[in-house]
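The chain below stands alone, shown as structure tokens; this is the form predicted alone.
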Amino acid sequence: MSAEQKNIRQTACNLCFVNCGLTVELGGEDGREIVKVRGDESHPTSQGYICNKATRINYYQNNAARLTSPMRRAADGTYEAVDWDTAITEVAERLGRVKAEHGGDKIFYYGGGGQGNHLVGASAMGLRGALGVKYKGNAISQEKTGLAWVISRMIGGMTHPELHHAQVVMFIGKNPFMSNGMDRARPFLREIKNDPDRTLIVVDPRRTETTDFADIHLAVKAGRDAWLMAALIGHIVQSDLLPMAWLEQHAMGYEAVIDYFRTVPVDEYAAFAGLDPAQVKETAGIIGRAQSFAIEEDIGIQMAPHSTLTSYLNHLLPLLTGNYGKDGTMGMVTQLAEVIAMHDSRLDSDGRDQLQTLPVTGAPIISGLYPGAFLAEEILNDHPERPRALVVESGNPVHSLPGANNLRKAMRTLDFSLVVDVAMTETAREADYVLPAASTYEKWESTFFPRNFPANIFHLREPLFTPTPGTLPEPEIHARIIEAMGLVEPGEFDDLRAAAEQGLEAYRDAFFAAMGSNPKTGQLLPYVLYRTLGPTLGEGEAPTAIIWGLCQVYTMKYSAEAARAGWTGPNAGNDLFRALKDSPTAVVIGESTYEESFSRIPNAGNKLQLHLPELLEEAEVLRELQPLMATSQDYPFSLVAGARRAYTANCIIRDPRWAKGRQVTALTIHPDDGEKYNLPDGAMVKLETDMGSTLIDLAWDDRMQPGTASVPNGQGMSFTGEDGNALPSGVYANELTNPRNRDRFAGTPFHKFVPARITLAETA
């Protein structure tokens, strides 16, 4: 092998949840630069496809913002570097004190895995178990918990919409041409546009880049998606396009749903949504008569008014029309671990879910996650049950949650706060202690997002580089804190260590025996695996021990699916683990069937549950034809605070120089609004909401819907260049968003509809 070939490695992108496979060339003076990025053609799902974002991952890996020493906040608010031994000792003492004085349930946790960085989330289960943490939140809980609540009750398992095979496809709140968020997004859009037998429907107020490929663009008014979806369902029901025999066989609760939608005023709803009723009815007819139909929603509606109700309607549309468990519809997937866990409902006699809640604010807990929009509120009070400490890992809630200033203030009132991350993020700058983690590409990593059907994959990725000096992988940080707290007796797990030395088969038997005999094994599970099995796996490979545990559970829980992928017999879990460690690209872990999409539904008779009484009752408010959120004379624009553009990356890349092109961080409005309000293209303007104001460059965009405005996500992060000077990085949008504007069921914030005012900036 040539020296040049030795520098070619396989890995995956960490900039969106699809995690396309990459082939990267390493170089630079010290060999630690990612100098060229291509798609990995051997990857089973991305098959060589990447978007422009992936080509810029070196800006994530190598930048001046990397943190290389533990940082302790002094009394005056400044930070000083300390050594690791001091940091671990003091962090353990501070967390232990909070636990002893107030209880582990007063230590809140946020984060645990961003995009392609998920092993921290699995490893952190051990630390949370050690601390007695009860309440956890993350980015999912301000986006996907409404969706999780809906599909858990309707279907009972994570599904994959078969967009690539469906005759009719609908996107709502999603612009995959820019955001990707699906396998091979741009090739898919080209293929469906060129196929006369297939139809693409896009629901979006803006004429997005994806709508250029669409057969039907439903340019709904901002914040009124629920009326559109109700109108579509209403017309299908009222036109008798339902597969009644299929519903009788595979669904329950459909009678109440059909009765309700027989009375929906389709024309009124369509018009209120800003659409021609004739276009809505034509679209509904296409869906109702389709041989197969698949719909994909995303945060464009999951962070918008009526978000949970809209997710319910989005799933009623395919399920009422029989588009489940057959080719080109949706199938239930198996995953090595669920990023969006299924919610465990506690239904009363009327079928309503009795949700668990946070102790102070009563915020709903869905899929084990509290909604981040309540976090500052939960802290800023004198309630005896309020949080006293916060641990944040691989997350930046001060930047990403609404009402950033509220959370800044809240963190400073806590008894203790800890951040573990690769940089001094906006959240880290409010913490008592910051511990520097190795980057995604400096440690074994993975993502738990894949949800392909029928064959699903998993990609365990070896590091491209050794950890940056001064940093540690999160499993090592967790282990050191647990040990410094004195939670493990000397020699307590020596039997497991000895078994690990004998090989995976011997370890498996000893491990399951220990799970039954020592409760601490389960409480500290990731720690136990890391410290006992981990050292036997090879240099730097100890963090993969948690994947060994997941492989055991997966091959037992989904034995039939795993067997179809080749993982059979008593050593199936070990064989799968070895394959994941040895493969430079993703591995097929299981193959599902359409029959299992029905047999695995946990509801009575393995039937889909279409009647969710809380949400069908909530649909009644639509009859009032009043928007949940509205603009006004004072705030005439609906602002999308965090739109997907060509160069946005979910706050993962802090260096603003990664983004190419003109006006990449500008506020955009329609030219008609520019003329109406005397806001010239290219002007500096003042953007105001009820939470604050900022100055920003303005750009006209005729793709925008009049009355709407947009700023990109992932902007406004502080970054200092090599010369010591701060670089401009756009607007910190979440300083302008109100955390009290949130979904009443899931608590997800309305980032995609923020009433705003735009005026010319005053000149000196």
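Everything numeric here is computed off the predicted structure, so don't read it as measured data. Residue positions are given as counts along the sequence shown, with the first one as 1.
One more form of this protein, predicted together with a small molecule, exists but is not displayed; see below.
Taking non-hydrogen atoms only, N713 approaches the small molecule to within 4.5 angstroms in the predicted complex. Not displayed here, the small molecule is approached by E474 to within 4.5 Å at the level of heavy atoms in the predicted complex.
Within this chain, R645 lines the site of the small molecule in the predicted complex, having a heavy atom no more than 4.5 Å away. The small molecule is not shown here, and in the predicted complex it never comes within 4.5 Å of any heavy atom of E430. Proximity to the small molecule in the predicted complex, defined as a heavy atom within 4.5 Å, singles out one entry of L189, L319, A619, A649, which is A649. Interface residue among G173, G549, G253, P265, judged by heavy atoms within 4.5 Å of the small molecule in the predicted complex: G173. Shown here without its partner, the chain carries S179, A304 and P397, all of which come within 4.5 Å of the small molecule in the predicted complex through at least one heavy atom. None of 694-702, 721-729, 27-35, 52-60 except one has non-hydrogen atoms within 4.5 angstroms of the small molecule in the predicted complex; the exception is 52-60.
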